[in-house]
Structures are given as structure tokens and as C-alpha cells.
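Take a look at this one chain, the form predicted alone, written out in C-alpha cells.
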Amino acid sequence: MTPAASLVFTTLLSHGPLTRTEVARRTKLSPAAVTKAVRPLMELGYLVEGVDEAARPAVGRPANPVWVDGGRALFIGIKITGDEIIAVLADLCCRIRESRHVRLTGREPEAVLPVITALVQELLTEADGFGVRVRGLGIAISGDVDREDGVVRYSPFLEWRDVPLAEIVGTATGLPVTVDNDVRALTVAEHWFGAGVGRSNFALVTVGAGIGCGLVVHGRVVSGAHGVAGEIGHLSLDPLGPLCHCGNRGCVEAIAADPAILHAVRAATGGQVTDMAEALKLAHSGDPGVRDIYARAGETIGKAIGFLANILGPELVIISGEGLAAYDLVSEGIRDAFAASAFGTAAQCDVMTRPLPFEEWARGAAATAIQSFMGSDTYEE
């Protein structure tokens, strides 16, 4: 697909139905370029043009709306966490048709890969019921992921290194496989369908088991020259702070991620706390030491977001992730530290929270599969 066709397709995906004139206005393409981009996609059935009698002009070409035919193709998206796999079957508009959750009994590839294969086969069977072909599989996983080669270089929660995931799963399932960092995949979905729709520059910060960040700059999700970008979780803000799994001290993740908070709470309480639910309960009961731990986490996240605003100047920062369960304990620290560290008009950046279930992360994985499908030559019959 040409860059113009890709731009037209994603514009219709996010904003359609639109007339060709509206597409040209939004994409800043000429009417002739829009028509050239639309024609082959309509011939293949991925775009549909309807008739809007109310909008029909008295003279000239009718202003008919064009939209993406979501039922024309299906995609599978998989999100891998340290404890479970979430899988979705989504259509070409990335609407979830089916979803599955499976707990993991182990984190090593030998334990995880058969679960992925079984889930894919299950969803392929579901797709048969829709009578539509599955065109691609997207897998979202935390850590350093080489999307181009489909290799998980390092995933700290799974303790994977240099796993050629796309090749292995592709061989097992027979599907084209796209593997990407989970936060980057979620950012794709937010850009197309979520709070980032219509935004040219925004960041998605996720808090929970880790601290992640996806970036959209000039309307494009940033991957970085080497597959790593936006890793604010590994900004070292306190050189004397706790040791991070990356080897540095005082990283945002080593202070503000759930495992770091739990470790600090256990140290403060003499090991009485077993999980994050108990830590939250203790903080909400008013324990000053535990509340201080959460306050420090909020300050650290806020400072990191301030640095992000200073460097990139986004319109919006979205905060999401399972760590939002503690947002009432960290919000003041985030707000105050952001205001203190953001320079000048960078402080005008909007900061919002947006709870997103793991199905949305799997949907993001499906969105990366759609990206790959529409960006390849294989979308032609």
C-alpha cells in the first residue's frame, strides 16, 4: 500500500464515514490523490462507498460517504502478561468480536508458546463461524521488542531474551505475525480509536507492573531507530535510589512500579503485606509510612512526565494501566511534580487518566497486525 493509501485508510478508520472531500481536507491530499488511493481499496472490498441522499448536491459529483468495511477481514491480537494471556478476535475496524483469558502456569517460552498456539487455533475456529479469513496475528509483550525482526530482545517480567517469537508462532499457526512492545501497541489503538484520535502529538504513560510510555509525534507512533523509544521507566531520577532490574539505580520503575511499591511497603511494615491489594488497604487506612511510599511514587511519575513534556511538548499525556487503582494516593504528587518540572508553556500539556482493561491491550496488538497487513502487498487477493 502506498503511503497515501495508508493515510487515507487510517483516516477513515478513525473518523469515517467521510466524503472524499472530507478525507482530502483531513489528510491534506489532493482530491485526485484521494481518489487514486481509494480506488484499489474499494475494488478489494476494504472500503465501501454509500449514497447520502441528504447531502447530494444539485450539480456536480455526489458527495458520497466512504467507510471501512470492518467485516471484510479478521485479525487476532494477543497480550502476554507475567500471569496470563489475553486474546481477542477483531475485525478490520478493530472491533472485538471474541475474547479469551488464559492463566499461565509458567513464564518460560516452553510454557507460554503452546498456550498462544492453542488460543490462536480456538479463535481461528471462531473466525470460521463468521465466514471471514483471519489475515494476521499481533502479539504485544513488555520490554525491548524488535518489531521488524519479530524478536523479543528482553522482556523483564517473563525473563525472556532473544526469543524469535514471530518466526516461532508464525510457523505454528501459519499466520503472518507482528510482535511489538505492548505499550506501543496500545498507543496505536489509542491513536486510532481512543483518547488520541485527532491528536498529532501525545504520549501514553502506563503504570502498574512496569512504567511504560508510547509516543505519537507528528501523527506517527514512534518506534525509535533501534526499536526503543519513550522508556521513561528507565529514567534514573535518584542515583542513590533502589536498584532497578536494568542495572541502574533510582529508575522511575524502581520507585513507582507496583513491584517496587510492594517491596517498599513490605520493608516499612516488616513484611506483613503480601500483595498490592493489602498495600492499598493499608494506605487507605491512613498508615503514614505507606502513604509516603505512594506519595513518592506519584512525585516520581510526575517528574518523569514533566521531563517528557519538556522534551517533546505533547498536547496530551494519557495515564493508564493497572496502577490507576492507587491514583487517589499518587495524583497530588503527580500533579505537583509535573507542574514543578515542566518548563514554561510545556506545563500547558493536558494530563488525563484513562483506565483500560487488558482486552484493550490485546486490541492494540490486533491493530499492529492491521498496520502490517495494510502496509504489505499481501492485502491483495
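If you're wondering where the values come from, they're calculated on a predicted model, not measured in any experiment. Quick note: we count residues from 1 along the sequence shown, nothing fancier.
Below: the form predicted together with another copy of the chain, not depicted.
Though the partner is left out of this view, Ala279 does not reach within 4.5 Å of another copy of the chain in the predicted complex, counting heavy atoms only. Contact between Gly313 and another copy of the chain in the predicted complex is found at the 4.5 Å heavy atom cutoff. Residue contact with another copy of the chain in the predicted complex: His234 places a heavy atom within 4.5 Å of it. When contacts are judged by a 4.5 Å heavy atom cut-off, Tyr327 does not count as touching another copy of the chain in the predicted complex. Residues with any non-hydrogen atom within 4.5 angstroms of another copy of the chain in the predicted complex fall in just one of 267-275, 67-75, 168-176, 243-251: 243-251. Site residues Ala229, Leu308 and Ser341 are all in contact with another copy of the chain in the predicted complex, judged by any heavy atom within 4.5 Å. A single residue from the set Leu113, Val217, Val132, Leu104 has any heavy atom within 4.5 angstroms of another copy of the chain in the predicted complex; that residue is Val217.
Scanning Pro164, Gly82, Gly224, Pro109 against another copy of the chain in the predicted complex with a 4.5 Å heavy atom cut-off leaves one residue, Gly224.
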